[in-house]
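First comes one chain, alone, set out as structure tokens in the form predicted alone.
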């Protein structure tokens, strides 16, 4: 398993990066607890030009300043005062693109993941959805700004290929008007850790 280098993130096509992150591994080692999960669902956010992005129209705040910095850093924010959402900063300085990690398939450290999520047994909900993905891996807002070249939090490639990539519009961004229709969400088709409510009983995407 090889850590993704800085060059992976310093690219101008955030949509391509979001696609290529599928199948990659998120590795965390916080307070001696080692956990890993395979990325199964992502969403791309195209910075200044994207009404769904926190950085739309060059909006800069103390929270979002990390998005305008160097690529290959974590941007973690609190959603609804509850969920810690983990994003990967992309592109070059002052081009605040990011990819939201929407879902992971747990791989290593599952016992610790269950403790974090207050669950007794692993099931498909473990790591499903962006809040659960971060919680499962122990990622919190305190990790925002962390360099993804660190030993505590990084992304890696274990060579896994051969899965089918599906695409849809993003979830929960209706406020973004016409930009809510952009096909910027990607997921591994058929993976049980992908957001559940977007499918009907035949497995057809409802969005």
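Predicted, not measured: the structure shown is a model, and the values here were computed from it. Positions refer to the first chain, counted from 1.
The form predicted in complex with the DNA exists for this protein as well; it is not shown, and the discussion that follows is about that form.
Looking at 142-150, 23-31, 160-168, 54-62, the stretch with residues near the DNA in the predicted bound form, meaning non-hydrogen atoms within 4.5 angstroms, turns out to be 54-62.
Every residue of the trio 75, 87 and 132 has some heavy atom no more than 4.5 Å from the DNA in the predicted bound form. Taking the partner from the other structure, the DNA in the predicted bound form has no heavy atom within 4.5 Å of any heavy atom of residue 124.
Using a 4.5 angstroms threshold between heavy atoms, residue 66 stays clear of the DNA in the predicted bound form.
Not displayed here, the DNA is approached by residue 100 to within 4.5 Å at the level of heavy atoms in the predicted bound form. Within 4.5 Å of any heavy atom of the DNA in the predicted bound form lies no heavy atom of residue 115. The partner is not shown here, but in the predicted bound form the stretch 70-85 reaches within 4.5 angstroms of the DNA through a heavy atom at 75, 77, 78, 79, 80, 81, 82, 83, 85.
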